[in-house]
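Listed next as structure tokens is one chain, alone, in the form predicted on its own.
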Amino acid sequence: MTVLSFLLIWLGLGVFAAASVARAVRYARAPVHLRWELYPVPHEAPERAAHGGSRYEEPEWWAKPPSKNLLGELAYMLPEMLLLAGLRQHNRRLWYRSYPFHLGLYLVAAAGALLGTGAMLDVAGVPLGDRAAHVLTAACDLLGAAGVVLGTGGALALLHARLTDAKLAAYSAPADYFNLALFAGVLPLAGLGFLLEPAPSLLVAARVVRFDTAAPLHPVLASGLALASLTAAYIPLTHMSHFVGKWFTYHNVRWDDGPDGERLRARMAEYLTYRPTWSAPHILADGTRSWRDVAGSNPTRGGER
């Protein structure tokens, strides 16, 4: 069981990384999205963003080099990523359920990253020292335990909401219920495994890095790590990969107010040659008509211009 668990850990991490990169590349290569261009845009200079302005207000803006306020973007994105600020503002009731779940995942990921770093340093021959190793292990155990409790509680709370709230149930797919139940089962199993495992968590991580299977893991921990690794591999293959998509949603949809240019016009001209197939009958997109024909026709007149 220990060998299988170690194999699945490495496989799960590899699939997670590869699938996340593949997802990002796919988003980056996707056709240009319909841009919102709603101001204020955080990458504008603070004095303009304060009143919802843009650099296009400046005389002869096209003659000046464009600049972006990266600090403004970070000031907006960090609260959204770390605190789910948008959800808190618009749906406080759901935020009380969703934020503990996400925070729990963040804490578990942080604990895993710290353990992995400490283990790799140990394998690389960089001694941490007994005291540093003890502090690191204690910190990771605390983060992991808090993450398991928050993540499990949040998953159960969200699952309860989807099962009892008619508004949520209306757009909840079977995968949504499965995903929440999966986290509600995997997180406590892995947490219980670390409690039952006699070896410190840092030593377990070092064994994983070295692929040292001489000392078997506790069966509960081996099972928990195996399922957690499979879950990690599963995440970027589903709609839960929104942690990748958020970057593109903000930068390529909400905040993209870049000027028109030859490159953009060439891409739009190419898109007009595509032959879409949509099931909505009013679009009249049956795969034989180009986007140019679809966009230039009146569906109320049977597709005539």
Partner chain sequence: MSRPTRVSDLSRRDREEVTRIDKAPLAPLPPPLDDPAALPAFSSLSDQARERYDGALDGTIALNLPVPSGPDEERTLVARFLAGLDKLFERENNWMFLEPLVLTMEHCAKCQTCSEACHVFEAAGGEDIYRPTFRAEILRRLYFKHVRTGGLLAAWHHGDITVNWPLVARLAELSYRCNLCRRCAQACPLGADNGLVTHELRKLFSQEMGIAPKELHDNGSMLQLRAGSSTGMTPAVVRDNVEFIDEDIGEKTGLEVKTPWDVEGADVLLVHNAGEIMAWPENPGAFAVILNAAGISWTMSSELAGYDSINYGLWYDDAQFARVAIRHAEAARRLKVKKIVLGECGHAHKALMVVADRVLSGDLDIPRESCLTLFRDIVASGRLKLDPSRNDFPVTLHDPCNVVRLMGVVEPQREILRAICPQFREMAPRGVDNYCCGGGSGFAIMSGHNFRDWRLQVAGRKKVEQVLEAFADCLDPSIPKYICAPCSNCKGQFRDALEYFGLWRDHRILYGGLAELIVNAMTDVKPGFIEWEWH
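Just so it is clear, the model here is predicted, and its values are computed rather than measured. Numbering follows the first chain given and starts at 1. Just so we're on the same page, rigid core means the largest C-alpha set that superposes within 1.5 Å between forms.
There is another form of this protein, the form predicted in complex with its partner chain, and it is not shown here; the text below is about that form.
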Joint contact, 78, 188 and 212 to its partner chain in the predicted complex, by non-hydrogen atom at 4.5 Å: no
Contact assignment for its partner chain in the predicted complex, among 220, 105, 233, 168, heavy atom within 4.5 Å: 168
Distance check, residue 110 to its partner chain in the predicted complex, heavy atom within 4.5 Å: no
4.5 angstroms heavy atom contact with its partner chain in the predicted complex for residue 245: yes
Contact of residue 59 with its partner chain in the predicted complex (heavy atom, 4.5 Å): yes
Its partner chain contact at residue 263 in the predicted complex, heavy atom, 4.5 Å: no
Any residue of 232 to 253 that, in the predicted complex, places a heavy atom within 4.5 Å of its partner chain: 234, 238, 239, 241, 242, 245, 246, 248, 249, 250, 252, 253
Threshold 2 Å Cα movement between this form and the one not shown at residue 273, rigid core reference: yes
CA of residue 39, rigid core aligned, shift of 2 Å or more between this form and the one not shown: yes
Rigid core fit then residue 291 CA moved by 2 Å or more between this form and the one not shown: yes
Direction of Cα pair change residue 249-residue 280 in the predicted complex, magnitude 3 angstroms or more: farther
